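Encoded as structure tokens, the following chain is the form predicted alone, with no partner shown.
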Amino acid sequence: MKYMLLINAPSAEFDNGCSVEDWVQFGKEMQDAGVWVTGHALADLTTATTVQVDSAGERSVTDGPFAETREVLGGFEVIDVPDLDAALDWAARCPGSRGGGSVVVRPIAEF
């Protein structure tokens, strides 16, 4: 089953001390285990654009993220593993789960 690991930081300035090498190693471990499907780090959140469409079909576009939370989505990984327990294990190994960061695990719906 496929799961998305949503890698969050408590703020845009957050630094949990993980190095690029930590992330490269995590990616290699997922690939070597055959669970990695896709994933990307996201660019600086100040480059985000928000789109909303109202009930009349009118589109509004605003610059930047306007989340109600300080938490920042920094990237994602999609993995294909047998069950939630395996997905949780990979989330715990993710460098983004350390030092105050968090990883949300969500199953991907199959239609």
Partner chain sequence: MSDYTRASLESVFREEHGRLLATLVRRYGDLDLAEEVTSEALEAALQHWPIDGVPIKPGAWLLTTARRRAVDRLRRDQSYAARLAILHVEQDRAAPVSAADEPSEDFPDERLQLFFTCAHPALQADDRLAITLRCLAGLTTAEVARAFVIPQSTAGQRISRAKKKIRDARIPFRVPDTDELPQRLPGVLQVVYSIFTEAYSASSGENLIRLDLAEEALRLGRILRALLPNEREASGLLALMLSTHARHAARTRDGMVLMLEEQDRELWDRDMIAEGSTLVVHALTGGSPGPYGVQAAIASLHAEAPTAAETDWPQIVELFGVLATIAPSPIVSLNRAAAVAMRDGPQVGLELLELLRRDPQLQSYHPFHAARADLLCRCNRFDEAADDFRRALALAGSEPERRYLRRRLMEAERSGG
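Everything numeric here is computed off the predicted structure, so don't read it as measured data. Positions refer to the first chain, counted from 1.
There is also a form predicted together with its partner chain; it is not shown, and the following applies to it.
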Want to guess which of 78 to 86, 22 to 30, 52 to 60, 35 to 43 is within 4.5 Å of its partner chain in the model of the complex, heavy atoms only?
78 to 86
With a 4.5 Å heavy atom cut-off, would you call Leu6 a contact of its partner chain in the model of the complex?
no
Can any non-hydrogen atom of Val104 be found within 4.5 angstroms of its partner chain in the model of the complex?
no
